[in-house]
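Let's start with one chain on its own, the form predicted alone, as structure tokens.
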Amino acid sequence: MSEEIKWVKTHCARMDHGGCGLLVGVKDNKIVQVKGNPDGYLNKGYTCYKGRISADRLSHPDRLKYPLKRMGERGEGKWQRISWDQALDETANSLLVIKEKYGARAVGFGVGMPKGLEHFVLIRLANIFGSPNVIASQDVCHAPREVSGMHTCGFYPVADVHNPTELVLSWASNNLATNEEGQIAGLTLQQLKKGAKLIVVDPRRTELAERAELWLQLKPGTDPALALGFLNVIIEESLYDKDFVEQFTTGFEDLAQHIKQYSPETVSEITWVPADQIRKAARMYAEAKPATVQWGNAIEHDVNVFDASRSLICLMAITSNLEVPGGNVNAYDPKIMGLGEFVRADLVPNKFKEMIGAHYRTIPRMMTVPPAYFRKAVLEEAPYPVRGYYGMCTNPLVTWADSALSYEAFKSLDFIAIADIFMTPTASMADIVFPAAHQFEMNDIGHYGIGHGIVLARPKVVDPPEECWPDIKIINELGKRVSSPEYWHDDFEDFLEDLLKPSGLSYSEFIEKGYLKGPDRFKLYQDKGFKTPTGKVELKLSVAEKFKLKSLPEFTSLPEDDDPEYPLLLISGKSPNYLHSSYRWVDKLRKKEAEPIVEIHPETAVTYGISDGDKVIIETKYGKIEQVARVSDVVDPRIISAAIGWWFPAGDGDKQIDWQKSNFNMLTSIKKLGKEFGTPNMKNLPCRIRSELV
């Protein structure tokens, strides 16, 4: 007799940054329904379509279900099933051989967007192994805003949409389609229902833009100029908070003189945004008390990200919207183990001198190695040789800029091991592939370490396939083989207990609570100042000369030079149906979005003889791909917006599962990088387009 449906409370993960409280219905060790939990701290019952069908990730017939060893040439698609002991032993031996020959720093440990506690257990593995090189996507996601915040005001300014606000300035953020590290769309919509005004800054007319009182459709790549235009209006019209500026900022006079060159008329010519709209938006933001900037990671997709981030933090500061309810806040963690202690940072005290990025003088407090510099180390041995790679939750062949270079780098490595739930293009390049358990198949803690002041319980809902292991377990067992077992647990789930110990809760007690939130602390600067060298918000950076940084934000040029051979500008937008390159193999999601779509304005379509549904060739000076045209006025006639993350799981394994044909990153390059974070131009690229029939 089958059992009744059991409802388990957990939180969504690996479909985005996660955070929505879920109720998961389980029967006979199978998930039969997923729905939003009305008591969810972030979502209050809301969940998106991909969250509701997320259990389909677990049951695909082609899911990886046992360890594999490469038998043919790298990427050839020929595999042998092996045991877990053999997979772990061969991986450990290969990494130790590289360590003995080249040193521990010759192994890179790779991770994609943070998913859960495994991200930090992997950093722990790197530290214990002795490698300073954790390779992550932080150069284009989260770190530029976070680290720029640390240098400017001493913390990462998070949009506070839990407390009442008068205005939301949504800048490069479309949280009706994708969430922003826990900034769920439902929270923003609640603020609008309560009377908050909305300004949207976005080249695309998104659904959020259609709800806005004011939509600024800027030219892609001109965010710093527009933000400096806001500063010009607010300072020239004396709309800034004079008491806050005088008491709690430094460098205001220099900033005020500097921004005189960014009048609305000058900025309008750069950004395509009418001068009167720039004035109106700046005034609306300055006069709202409080106002919050909900900034998305699209500003982090080109070489000018430091200027964009710094400009926006200066904007928050001079209007005194920092550390106030409904503004941009310092989100304090609850009582849990600190990151440094958890990852054993003490074992690599010289990390910031030894990591690959140090050679290129990336900005201090940048914790990971930009992928561009990792590949230089692999292919050019600069600053030293890197010969091995262990990766999880990541698909660099598709998601890193310059996919052709990624292929070349992975092809040349001595050893690669990948943990995943499906054979991705990157996994197909590995020597050893580990079959991973997924979110609903393991106990986990979410939102640790991403600066939003909350941690979320993600208890196991169903058992995984017999040979599919949680990433934390894989790392724990690998760690015992490459380092002293004293650093690792007999039971990998003890890492959950370690993290929670300062709270006084066991993991089971934490599950009952559902989440932990740090204390709200507002205006601490009144007594303690800001955690910067000067103790104030540094509108002009005091450490600029020391670290070879710009002291003031500026806009000098577009990310890429204009080129008459490539008359259009190429951008991209995240899909509500996928997460970067993930889940193209989930049938229900493919039915929602079956093809890679490029959005083209009707006027542009006529100019190039393109009809809706045509296969088209998109080309930059770095490469070309094929996508399917959608004729729509959501973009300016001078812009096209292509789909990211595309590969075809049903493709030919001998060709690494067809990762080149429609992959956006065949169009990008690492030839030009932002100094501070090693950020390449992943958007805002001169391009051209033509019908495939031409």
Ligand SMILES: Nc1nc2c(c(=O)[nH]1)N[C@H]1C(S)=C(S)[C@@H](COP(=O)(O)OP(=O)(O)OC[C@H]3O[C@@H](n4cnc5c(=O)[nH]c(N)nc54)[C@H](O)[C@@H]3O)O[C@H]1N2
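Only a predicted model underlies this, so the values are computations on that prediction, with no experimental measurement involved. Just count from 1 along the sequence shown to find any residue number.
In what follows, reference is made to the form predicted in complex with the ligand, a form of this protein that is not presented.
Chemist: Does residue 682 make contact with the ligand in the predicted bound form, using a 4.5 Å heavy atom cut-off?
Modeler: So residue 682 counts as contacting the ligand.
Chemist: Residue-level question: is residue 121 within 4.5 Å of the ligand in the predicted bound form, judged on heavy atoms?
Modeler: Answer no; every heavy atom of residue 121 is more than 4.5 Å from the ligand in the predicted bound form.
Chemist: Please determine whether residue 105 contacts the ligand in the predicted bound form, using a 4.5 Å cut-off between heavy atoms.
Modeler: Outside the cut-off, so no.
Chemist: Examine residue 115 and determine whether its closest non-hydrogen atom to the ligand in the predicted bound form is within 4.5 angstroms.
Modeler: Taking the distances in the predicted bound form, the answer for residue 115 is yes, it comes within 4.5 Å of the ligand.
Chemist: Let me know the one among 416, 589, 419, 87 whose heavy atoms come within 4.5 Å of the ligand in the predicted bound form, would you?
Modeler: Of 416, 589, 419, 87, the residue with a heavy atom within 4.5 Å of the ligand in the predicted bound form is 419.
Chemist: Under a 4.5 angstroms heavy atom criterion, identify the one residue in 374, 555, 285, 171 near the ligand in the predicted bound form.
Modeler: Result of the distance check: 171.
Chemist: Can all three of 281, 453 and 514 be found with a heavy atom no more than 4.5 Å from the ligand in the predicted bound form?
Modeler: Heavy-atom distance to the ligand in the predicted bound form: none of the three under 4.5 Å.
Chemist: Name the stretch, out of 623-631, 24-32, 664-672, 66-74, where some heavy atom lies within 4.5 Å of the ligand in the predicted bound form.
Modeler: It is 664-672 that comes within 4.5 Å of the partner.
Chemist: Heavy atom within 4.5 Å of the ligand in the predicted bound form: which residues of 284-305 qualify?
Modeler: Counting only heavy atoms within 4.5 Å of the ligand in the predicted bound form, the contacting residues of 284-305 are 296, 297, 298, 301.
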